[in-house]
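One chain is shown next in structure tokens, namely the form predicted on its own.
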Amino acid sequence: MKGNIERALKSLVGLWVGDAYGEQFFARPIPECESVIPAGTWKYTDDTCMALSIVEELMTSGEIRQQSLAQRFAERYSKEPARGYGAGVRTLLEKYRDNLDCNYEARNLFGGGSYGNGAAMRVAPLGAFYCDDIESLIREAEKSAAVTHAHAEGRAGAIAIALATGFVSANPAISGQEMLRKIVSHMELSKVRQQIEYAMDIPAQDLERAAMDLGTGRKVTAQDTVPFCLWIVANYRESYESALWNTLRGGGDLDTTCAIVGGIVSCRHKVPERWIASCERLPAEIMKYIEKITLN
């Protein structure tokens, strides 16, 4: 199965920097303009850790092998368990360390699977990887989600973000409304899809309404996270900095919303070098590919 690893890495850079940027503002006030960035080293969270595992799986296999991905997630969690993993995913990853069946365990979590935003937060690089093959993109996004988020809404959130990243990666000039229309046209009925449809009618200048009506991840669900992130991408696409700053203005689950938006918008705009320089480095084995392909 053929994909575009350069585009996946470009998305990963945006996700990593967005995650680390958003994480800084759980303890700081939101800056008054996009040019003001936090001092010090920005630490990334589980959002980036899990996205790294997806990229490694794609680089190694060219597709998502679910049990292999579960093992990658578990191994990275075991090395750095304090990256901000939620209680549900910790339960699964502790089981996956023993190589238990990920499909069985994920389906039985919470008595029907998780519909949290964790599958959406990590999937953008996969969407970029499959940007020229929408059928494979949808299939592999769903597979990647089901490893930890077996509920239909959790899977729908991942598919929606992968589609957005794929469309922007394949055509950076795509309009925001066209991106949203295309996403909806490829999705089955779900609360996530309904909220994306609703987002299409919220004016660009009404960020407060978008945050209130769509949700910004305060409930940590796909349906209250993904639609707002896509609304931001559709309406604040003039630069990476603008997209991330306006994401902050919405409040909520800031590392996750910024990771999602960053992973999509970096397929359209270059991530500022001073933002990259502010971030904690990724593991050396992946950093060498990023430096070669995206940072030169």
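A residue's number is simply how far along the shown sequence it sits, counting from 1. Quick caveat, the model's predicted, so the values are computed rather than measured.
The following text describes the form predicted in complex with a small molecule, which does not appear among the structures shown.
- A single residue from the set Val89, Cys102, Leu163, Ala210 has any heavy atom within 4.5 angstroms of the small molecule in the model of the complex; that residue is Val89.
- This chain appears without its partner; in the model of the complex, the one residue of Val220, Ile202, Ala146, Val184 with a heavy atom within 4.5 Å of the small molecule is Val220.
- Proximity of Phe73 to the small molecule in the model of the complex: non-hydrogen atoms within 4.5 Å are absent; the residue sits far from the partner.
- At the 4.5 Å threshold, heavy atoms of Gly176 stay clear of the small molecule in the model of the complex, well away from it.
- Interface residue remark: Gly215 is not counted as part of the site for the small molecule in the model of the complex, having no heavy atom within 4.5 Å.
- Taking the partner from the other structure, the small molecule in the model of the complex has a heavy atom within 4.5 Å of a heavy atom of Met121.
- None of 36-44, 233-241, 56-64, 23-31 except one has non-hydrogen atoms within 4.5 angstroms of the small molecule in the model of the complex; the exception is 23-31.
- Contact check for Tyr85, Ser114 and Thr256: all three have a heavy atom within 4.5 Å of the small molecule in the model of the complex.
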